Structures are given as C-alpha cells and as structure tokens.
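Shown below, as structure tokens, is a lone chain in the form predicted alone; questions about how it binds or moves come after it.
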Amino acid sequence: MLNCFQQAQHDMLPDATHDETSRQEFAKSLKGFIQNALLPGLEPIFTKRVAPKFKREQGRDPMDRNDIRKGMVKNDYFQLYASTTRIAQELLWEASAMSAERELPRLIEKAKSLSASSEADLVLPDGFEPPKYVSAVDIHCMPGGYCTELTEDDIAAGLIYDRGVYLYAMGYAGPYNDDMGRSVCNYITRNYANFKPRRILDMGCTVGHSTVPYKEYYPDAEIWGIDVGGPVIRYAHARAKALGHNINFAQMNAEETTFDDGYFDLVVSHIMLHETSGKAMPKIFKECERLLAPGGLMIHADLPPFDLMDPFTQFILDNETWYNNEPFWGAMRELDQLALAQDAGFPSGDVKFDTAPMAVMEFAAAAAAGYTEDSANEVADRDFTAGEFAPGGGWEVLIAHKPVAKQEVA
C-alpha cells in the first residue's frame, strides 16, 4: 500500500519525460520485486542448505554474520539476489540522472533565483575540503557522490539525489522524502511535550528533505542544515524555498562546525552516522555536546546497532557494506554508540536508544482507520519493529540529553 506514495512535484525537481518516468518507475518496481519476491527466499536457503553445509565443512554451526556470509556467497540464489540488487541500484541512479542532466541548466538558474529570494542564509566557504570518507567513494553508488562539482553553481548531485532517494525508498519515505525528519519530530512531540527548541541543527542534511519538517513543526525556530557537499547544499537551500520555507544551509563538516558553544537546543541527523568513519564519529558526538545548550537534545536517527539484531538480519543489512558502497555501514553498528556519547560528555543516565515509528506507516494506518490527515499523528499505540523501509517499521534513534547546569549554592 505504501508504494502508492508518489513523489510530490516541486519547482526544483526535474520535469521527467514519459520515457524517463517509465525508466524510473521500472527501477522502483525492480527494487520492490527484490524486496517482496527474492529477499524472503534467502532465509529458507540459509536454514535448509547453507547452514547444514557449513556445519559439515566446519564442524560447527554458523555463529555470526561473517560465518553466514562465508556460506551464502557460494550459493546461486544469493548471488542472483546480490547481483540483482546492485543492478537495481545502478539503474535507479542512471534513470534519475537522465532528467537531471537534461534539466540542469534551467534548474541552476531556478536555484539561484529561489535562493536569492530566500530570507535564510546560504553559506559556501571558499576552499572547503570535504572529508575523504565522503569524497573518495560514490556513496550508495550515486555517480559522483555528494561533493562532485563540474560546473559553476552546480546542483546536479542534489537533483539526482532528490529523485534517486525516492526510488531507493520505493515511496516509503513519503511524497517529500521526509519520513525520517517527520518521524523524529513526532517522537519529540510525544515524548518531550514541553520541549520547544529555539535553534535546531540538522547534520549531514544532503538536500534538506529531513530538515524541512522541523521548520513545519517549529516555525519560529532558527534552523540550519549542514553537509560537506556543496551541490547538495545549494540545492537544499533552493528546494526549501520552493516548498515555501526559509531555512539556513551551510557547507560544513559535522566534526568541527563554526557555531558558538551552546548555540543549539536540538542537534539531529538522519542516516548520517554510517556515512562517516570510526575516527569521525567520536568527534561528531563531542561536537554535538559542545553545540548543545543546557537542557538540549542530541538525536541521531539510523538503524539499530548489531547487538539489537539476530545474526541473519545483520547479514542481510550488512549487504549495504558489500554491494552498495557503504564502507562504514557494518563497522558503525559494531561501535558502542552509548559509550561514545558518554565519552563525549553526556551523562550515562541521559543516553539511550529508542524507536521512532515511521510517520508514513502511521498515516497509512490512520487513513485505513478512517482518520483525517490532521489526526493521523494521534495513532501512536501500535507495535513497531525497527527496520529500513519495512512495513510496520520504525527508525532507531540514539538520544542524549545535556543536563541543565546545577546552580551554585551560595
């Protein structure tokens, strides 16, 4: 049912031709076929064929995701699944790039016009050097990645990403690809009802699709989105204005920003941590602690660490590491993120994992129950299991609270 969510058109999204749209819809449908038809066959293959064979050869049962992979990569069915998944990923970017490249000259001018009319800042420092863990690899197999610039005022990466991430999510991210931001906003509203942030920072915002909901939920707040990619930041600034919002964006590294100590009440990220590195993550957590005012919240939305998954689920999700240019995807989930947050200065009692229900799932459930769109957010009393674009799923959120400083006793 969720696949019926079509991407909402806006002034910065390329106008795809009939043939381009057909290619894009094919890529999305192929991903749906993989998820619904090929993926469910992997566990029976493992249980009935691969695991017994592994035990005969090794004299023991497979113990972890690495053992499972050693056995599965030799299996024909898994090879079909893995190769088809990679082909689908490359197809969705190729299909997205066609309309983006054709529309690029027009939309560069449109972006400049929209940004010029915005009341919010767009900061692109001269000589900025993106970190190698982002610039050295085409993350998600997206051609050129987030940082490549081939022309003046380049926004191509943003154009491709905005359409491509919708296809990747198969519509599950909602009409504006904003499900993660909207889900976290819903979570904050329900669990921190009296929390009214004055300044909000979205780290690793790419095209600002998860940033916009914060402006909708907190219209009076000063909001910044930062990313290391110049083309996606330019696009994000114009895209926000195209959607009717004045939101500040800056090309900036989350490891070391230029904002003052204690400037923000809320620092968030959405699927950013696994695109950093083992050396960068501790720095980012420390920067979050520095940037937060007393009483502020740090919330990083991603998928759960491996110790919250069974080994076979770990193996399935770790395919992103092996086949989708996500070198830190699996390694990130082996880190003790709670300990990293504590090392950054957050008290142990104020750090936790929780699950934020997917906003699109709640909307679908509310619609099925006859609720209006306004009341959809009230449907919060259902069980959710964390998973990426999974029906009935939710986003795993790492939450840390910076305590209010105790007043000195005279």
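These figures come from a predicted structure and were not determined experimentally. Don't overthink the numbering: it's just position in the shown sequence, from 1.
We do not show the form predicted together with a small molecule, though everything after this point is about it.
In the model of the complex, the small molecule lies within 4.5 Å of some heavy atom of E255. Of the heavy atoms in T206, some are within 4.5 Å of the small molecule in the model of the complex. Although the partner is absent here, E275 lies within 4.5 Å of the small molecule in the model of the complex, judged by heavy atoms. A residue is said to contact a partner when one of its heavy atoms sits within 4.5 Å of a partner heavy atom; Y235 fails this definition for the small molecule in the model of the complex, lying far away. Comment: the small molecule is not present in this chain, but in the model of the complex one of L291, L297, V228, A97 has a heavy atom within 4.5 Å of it, namely V228. The partner is absent here; in the model of the complex, the one residue of I223, I284, A169, I188 having a heavy atom within 4.5 Å of the small molecule is I284. Partner contact region in the model of the complex: 245-253, out of 245-253, 108-116, 80-88, 331-339, criterion any non-hydrogen atom within 4.5 Å of the small molecule.
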